[in-house]
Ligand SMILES: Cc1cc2nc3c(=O)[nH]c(=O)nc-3n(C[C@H](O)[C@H](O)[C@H](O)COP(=O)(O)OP(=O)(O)OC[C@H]3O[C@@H](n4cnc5c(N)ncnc54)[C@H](O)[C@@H]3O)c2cc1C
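In the block that follows, a single chain appears as structure tokens, in the form predicted on its own.
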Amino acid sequence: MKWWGWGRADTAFHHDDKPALRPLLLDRLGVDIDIPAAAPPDVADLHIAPPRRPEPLTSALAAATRLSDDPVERLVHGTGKSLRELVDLRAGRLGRLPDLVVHPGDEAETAAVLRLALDHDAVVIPFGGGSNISGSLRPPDDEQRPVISIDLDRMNRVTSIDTESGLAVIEAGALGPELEEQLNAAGWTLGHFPDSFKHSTLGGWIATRSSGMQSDTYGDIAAMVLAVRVVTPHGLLETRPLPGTSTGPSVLQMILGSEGRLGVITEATVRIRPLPQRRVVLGYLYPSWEAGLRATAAITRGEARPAFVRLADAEETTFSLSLRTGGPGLAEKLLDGYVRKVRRQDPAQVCLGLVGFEGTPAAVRRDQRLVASAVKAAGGFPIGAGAGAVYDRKKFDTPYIRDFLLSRGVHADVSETGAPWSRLPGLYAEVMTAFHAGLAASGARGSVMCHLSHTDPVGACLYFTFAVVPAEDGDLHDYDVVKSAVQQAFVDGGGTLSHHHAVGTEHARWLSEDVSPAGAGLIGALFAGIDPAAQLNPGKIVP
């Protein structure tokens, strides 16, 4: 993971072969992406403060596990990938970095590290893959105690598979590709594929209540995890993988979404499924957002069991089409003519839907028929597998576009929420209104688009992607005005502050409005009871 942006240092987004993108961004943002981008910062130009590493603690940690105080490793482990963190890093505002990075090889070493930290009045912050975008990794700027980043990258194995029960035991440091490779070799899959899949870990997913792109069928991480092992200040917390229990408040649910504030997750037992025999992703076009919502709700509540259902609004549909390589081919021109002349629909209002189908060939064919019926009833029509194939190829690459825009002075980010079906149309409109009001108040130029995903019979996620061109490069004021307007519209409109990106520090001020002041107080009391000295990732979720 590169320290100044998303993903691998040798991977980046390029627009040279996407001729439709430049005019679109000129129109929406007034930004010419043909102008040379700012060069990535050189780590040699940064002032990285020396670590605070008291000798008794450092020697004890070195004897217990692998230890590093390398400046670049401390930098990588000191921040996530929120827009605020990336803007600060590129401006040389590094904030408080970890003093030491440890890499325990097993649970016993993890427990030893935590005990040493507690005994020496140090702070421990668990590190998964470093991809969090809600400020869940950064130490408080005013933290005076030694800060230890604990990275479980050596603990990355699938240790057992129970084929009769469909369960697997997996170490918490396993990255998405690592655990899927091991499961796939035995004919199984976890089915959890967030945007950050390549750069996030099982432990990180649990700590942030992650949701993957196919949660419609596989469920989010909370539905997948049946048991955990967690090193805590009070010893090893261990729950058992049972189909149901009546044992008071759920200890497992307390760990889910706890962002390292209750301990270090070392292992989880998860539900797994056999690898599907067939997978195909088909595209559909709807005459409007409202028509697409009707179809998506009908599909979700119907008899079909697709792997996922996704609907882009007109703005995101246009943006997605602008990312195609080369100019519009014959197929695109024929489709445009069909929409205009045969369907009598406005191409500027058309919305793209994607539906993923998995299972046996017979089950896939059945679900395709059921989905086609719901699409037709809403006035939509199928466009084949081309758009779906592109989505499957590029689904983990979208975050690189943010780096591309940031290097051209554009602050792009995402905010997502969830709500019942009855609230989704109104909430979508309210958030759009709030965004444009925030943009007007800031005086900046910007754009917003949205897709619906993570469907459930009760409701779904609205995932907003927005961009702001700040008045001054590197100044987050305009972004903050717009982001706050969007987040406030979520909770005012009956949605959640975040569907699956966690609370961290970015969303903490809306927690009481989401779960009630009493609920936020309950969470705070739990943290204080387990960790009265605030040595476990302090300042996250609740101050």
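Quick note: we count residues from 1 along the sequence shown, nothing fancier. Remember, predicted model here, so these are calculated numbers, not experimental data.
A second form of this protein, the form predicted in complex with the ligand, is not displayed here; the remarks below concern that form.
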{"query": "Contact residue in the predicted bound form, from Val225, Ile133, Ile148, Val355 (heavy atom within 4.5 Å of the ligand)", "finding": "Ile133"}
{"query": "Among the candidates Val431, Ala172, Cys351, Val468, the residue which, in the predicted bound form, approaches the ligand to within 4.5 Å (heavy atoms)", "finding": "Ala172"}
{"query": "Stretch in contact, per heavy atom within 4.5 angstroms of the ligand in the predicted bound form, of 111-119, 255-263, 422-430, 159-167", "finding": "255-263"}
{"query": "Pro139, heavy atom within 4.5 angstroms of the ligand in the predicted bound form", "finding": "no"}
{"query": "Touches the ligand in the predicted bound form: Leu152 (any heavy atom, 4.5 Å)", "finding": "yes"}
{"query": "Tyr286 within 4.5 Å of the ligand in the predicted bound form, heavy atoms", "finding": "no"}
{"query": "Exercise: Ile125 in contact with the ligand in the predicted bound form, heavy atom 4.5 Å", "finding": "yes"}
{"query": "Residues within stretch 526-543 having a non-hydrogen atom within 4.5 Å of the ligand in the predicted bound form", "finding": "Asn537"}
